[in-house]
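There is one chain below, alone, in structure tokens, taken in the form predicted alone.
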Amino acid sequence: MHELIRDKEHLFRLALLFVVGIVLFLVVRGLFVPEGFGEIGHYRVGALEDNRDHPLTFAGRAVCADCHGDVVEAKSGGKHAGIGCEACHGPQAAHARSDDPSSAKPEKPDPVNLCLVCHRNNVAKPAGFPRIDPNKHNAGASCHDCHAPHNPGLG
């Protein structure tokens, strides 16, 4: 018992360190953790409102298909059937929302650069995925010279 009293200064300093640590934790938490965090799990309640405030930029496949059924038909059964229109043509919500879609007509993508985004020779691509070295494969020609963009078999 005598030793406990003798060490009381050390115990007091240790307890003081814990109290300072807890206070510091609460201050840092109050400063850096956003309001509403943790009310519905590990999320911030206001994040949903923040995301709703962002304007829509993508229209979605169904909206594209409403007007471009010929393209949907061309893609069906092809290697690009599972690829969304906006993956290549970019966000098209403005085009789809426009009263005159031809006024917000998207630019045609450059096939040489666009096709190589996916098909450039890269060892990280899965085996069997069509990959090319553009200098050996088409020597400066456009991919569209030999391939239909929506159903890229030779033809």
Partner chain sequence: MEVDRREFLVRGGKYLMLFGGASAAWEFVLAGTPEKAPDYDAKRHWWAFFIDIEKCIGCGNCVRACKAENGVLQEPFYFRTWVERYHIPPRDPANPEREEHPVVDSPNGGYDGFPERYPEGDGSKNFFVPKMCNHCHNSPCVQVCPVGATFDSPDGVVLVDKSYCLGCRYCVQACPYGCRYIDPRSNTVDKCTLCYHRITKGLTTACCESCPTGARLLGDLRDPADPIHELLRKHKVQVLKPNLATGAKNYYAGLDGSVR
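The structure presented is a predicted model; accordingly, all values stated were derived computationally and were not measured. Residue numbers count along the first chain shown, from 1.
The following text describes the form predicted in complex with its partner chain, which does not appear among the structures shown.
Using a 4.5 angstroms threshold between heavy atoms, N51 counts as touching its partner chain in the predicted complex. Under a 4.5 angstroms non-hydrogen atom cutoff, its partner chain in the predicted complex has G60 among its neighbouring residues.
Interface membership of H147, defined by any non-hydrogen atom within 4.5 Å of its partner chain in the predicted complex, is ruled out.
Proximity of P34 to its partner chain in the predicted complex: non-hydrogen atoms within 4.5 Å are present.
Within 4.5 Å of its partner chain in the predicted complex, a heavy atom is found for none of V71, A94 and N135. Put simply, of A104, A65, L56, V27 only one has a heavy atom within 4.5 Å of its partner chain in the predicted complex, and it is L56.
Along 114 to 141, residues V117, C118, N121, N122, V123, A124, K125, P126, F129, R131 each place a heavy atom within 4.5 Å of its partner chain in the predicted complex.
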